[in-house]
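Next up is one chain by itself, shown in structure tokens, the form predicted alone.
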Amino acid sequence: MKQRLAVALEARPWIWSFAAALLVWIAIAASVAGHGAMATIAVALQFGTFYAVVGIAQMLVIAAGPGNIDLSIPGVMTVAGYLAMGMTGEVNSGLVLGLLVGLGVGLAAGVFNIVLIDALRIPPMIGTLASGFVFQSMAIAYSRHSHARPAPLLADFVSARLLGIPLIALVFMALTVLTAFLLRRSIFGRSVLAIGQNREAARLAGLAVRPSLALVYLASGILAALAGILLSAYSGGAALNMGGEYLLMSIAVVVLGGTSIAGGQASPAGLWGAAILLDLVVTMLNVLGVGAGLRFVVTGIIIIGVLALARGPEARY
């Protein structure tokens, strides 16, 4: 019985993130005597959606194998947010143009990263980090002349709720389901996972290694830009520090969600458990009055604990 349970848990690593999120939520509910406990879940879904979106982006890249990572996400988010808000001109008539420009930033970032990694043979960690600095510098330059707020229609969308559930969360849950389907059923998805398991074997098997890697970086750039646009709309405008926490959070939700950092395996469902967990941890520490510095320490300890439980004493890499 215990062996079957262990096998079941190993096959579903995403369970641990949801279990940890449930425990943290129970702790929050107990500390506030149940007042506003359900509202806490709705808020966690609202903010957790931004973690999940960048998590999908990072997951696709990490699943493509060791060494693949996208550290340009914060810079891309910031530039996309500024340009999208600026192009909308705070009116609904400029919404389409703003979205196209913002997503265009993500597409350009993906292409830039591909050139650095594939054409110039720069390691992904270094290439995407440098790319992120470039885009953050662009955001700093643009921010001096931009004070735009989001179009009302976009602001209404990111704050809307359906039966008490944030609409934006429902939309990106559907995107997560689509991502899971593509990874399991499409040629592209299977190629990415095969490349992540053994790049040379995938090449010898006739899989399109370079195009597949290019697509994951393009997808990462576009999703990062989309996250930046939506976060700017929710916050009432872009800010230079808006993407800072998403550098580590985009990696944390992927690893906590059950995706192997070694590549070749992905866990889209786990992104949501991890995203909700991380937001609930921040909420719990705020409720307890923990200072900002100590919050990072406690959050790190919780992440390590969840990973230790999920991987067990016989974890293999």
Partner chain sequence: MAADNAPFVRLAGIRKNFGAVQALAGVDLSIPAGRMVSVVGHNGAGKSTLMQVLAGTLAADAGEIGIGGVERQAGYDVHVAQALGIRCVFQELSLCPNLSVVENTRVVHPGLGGFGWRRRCRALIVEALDAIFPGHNIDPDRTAGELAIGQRQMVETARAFTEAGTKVRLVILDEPTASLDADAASHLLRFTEAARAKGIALVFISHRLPEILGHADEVVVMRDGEVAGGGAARDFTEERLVELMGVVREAASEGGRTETSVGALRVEETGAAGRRLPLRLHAGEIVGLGGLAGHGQRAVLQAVFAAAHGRDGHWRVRGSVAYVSGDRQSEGVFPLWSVGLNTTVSRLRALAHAGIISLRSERTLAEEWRRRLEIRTPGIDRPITSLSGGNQQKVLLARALASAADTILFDDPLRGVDVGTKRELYRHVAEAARAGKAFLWHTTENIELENCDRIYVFHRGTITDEIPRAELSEERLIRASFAAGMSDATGMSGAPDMSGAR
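A quick note: this is a predicted structure, and the numbers were derived from the prediction, not measured. Residue numbers count along the first chain shown, from 1.
Keep in mind that the form predicted in complex with its partner chain is not shown, yet the notes after this line are about it.
Mapping the unseen interface onto this chain, G263 counts among the residues with a heavy atom inside 4.5 Å of its partner chain in the predicted bound form. Mapping the unseen interface onto this chain, S235 falls outside it, with no heavy atom inside 4.5 Å of its partner chain in the predicted bound form. Of the heavy atoms in E200, some are within 4.5 Å of its partner chain in the predicted bound form. Although the partner is absent here, A174 lies well away from its partner chain in the predicted bound form, with no heavy atom inside 4.5 Å. Picking from 151 to 159, 116 to 124, 187 to 195, 69 to 77 the stretch near its partner chain in the predicted bound form, with a 4.5 Å limit on heavy atoms, gives 187 to 195. Out of the listed residues V134, L207, L103, A219, L207 is the one that sits within 4.5 Å of its partner chain in the predicted bound form by at least one heavy atom.
Taking M138, A214, L182, A239 one by one, only a single residue has any non-hydrogen atom within 4.5 Å of its partner chain in the predicted bound form, and it is L182.
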